[in-house]
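Below, in structure tokens: the form predicted on its own, a single chain.
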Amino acid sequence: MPQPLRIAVMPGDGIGPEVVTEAVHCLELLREKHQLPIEWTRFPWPSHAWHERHGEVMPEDALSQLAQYDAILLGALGDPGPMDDPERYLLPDSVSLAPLLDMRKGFDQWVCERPARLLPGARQYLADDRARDIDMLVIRENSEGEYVGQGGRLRQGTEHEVATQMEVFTRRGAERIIRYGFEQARLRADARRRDGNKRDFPTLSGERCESQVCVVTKRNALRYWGDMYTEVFEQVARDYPDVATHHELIDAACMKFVQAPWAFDVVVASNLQGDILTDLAAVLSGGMGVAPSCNLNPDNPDMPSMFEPTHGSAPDIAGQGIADPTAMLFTTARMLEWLGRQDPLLAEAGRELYAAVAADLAQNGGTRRDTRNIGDSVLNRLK
């Protein structure tokens, strides 16, 4: 039997432990059913509880510990809830969410990938019937840009305080994320072709292509990095004549995500702008409760990638056992497919889990069920 792939399971805060428990149940069943070469370790950090006991959200050597793993499965970070407890141990977001940035940067997880597809059973927020055809992949640059964390505060707390927040963009970072977007566009077109579900997108010359990449900037106001992104986009696009290209400013992109999201295929955006667009795309595809998310390092197989649902810690319902684990289960399926690059058996198990969760959503979408009920329903399908 091959050496097991190791997963670091970090439930985190709020509803994180509740939804992660259901994900682990599915992993246990799939491992036994298919003799999957995986094992996992559950970590009590990062979390508010760990900070309350140790004065830090996670240990100083956290990244070196996690570097020994092949993937990270994270529940949620932030306000632990319940919100009706005014004495709960509460940290500012800049502290409780810092581990996300630490892991993304430390392991160079430069791709944040969030698919947005309106599956049967998911809530349709847009009235237009064409919203049923939403199927896009939003790719967020995840290593630099607006979230590099460089800056500071001068004369803090006084009326003369000055806060600076630096944005840092590199040509290398722009090139690799844009090229990744084009590669994913081709893969998506191939998959649609196999499924007999071809789409076509207009080019600037009036021709049609089976895939499209839209790059998003704010180059009319943030001209330096916006112009660099545009130049790199045009340069990379020459290597992909079979892929239609498109550019939107961030404000127009938000508007068109609502007006006509079915017109998009692959969208590439900067760290902050992608952060906004991925949350909007999640709502368009049924809401945060069904939206998976991946933080990937496609270049270095020795670095762990991190998988987390799009939703947060939901302190308003924490501890009540009513959190929907669907997004967490879809995220777990994506993790297995990613690990399947090293073992096809894991990729097949990921597809099996995805199909089981999608089938449960199609049959029970709109029905109020508790966390365990949804998890058990998916387990029964896997059996």
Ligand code: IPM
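Start at 1 and count along the sequence shown; that's the residue number. The shown structure was predicted, so the numbers you read here are calculated from the model rather than taken from an experiment.
The following text describes the form predicted in complex with this ligand, which does not appear among the structures shown.
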Quick one: this ligand borrowed from its pose in the model of the complex and superimposed here by the pocket C-alphas, is it open or blocked (3 or more atoms within 2.4 Å of backbone/C-beta)?
open
Residues L100, R114 and Y147 all lining this ligand in the model of the complex, heavy atom within 4.5 Å:
yes
Contact with this ligand in the model of the complex, heavy atom within 4.5 Å, among D108, E175, E183, D275 goes to D275
Out of 79-87, 248-256, 92-100, 115-123, where are the residues with a heavy atom within 4.5 Å of this ligand in the model of the complex?
92-100
Within 4.5 Å of this ligand in the model of the complex, counting any non-hydrogen atom, which residues from 103-140 show up?
R104, R114, R140
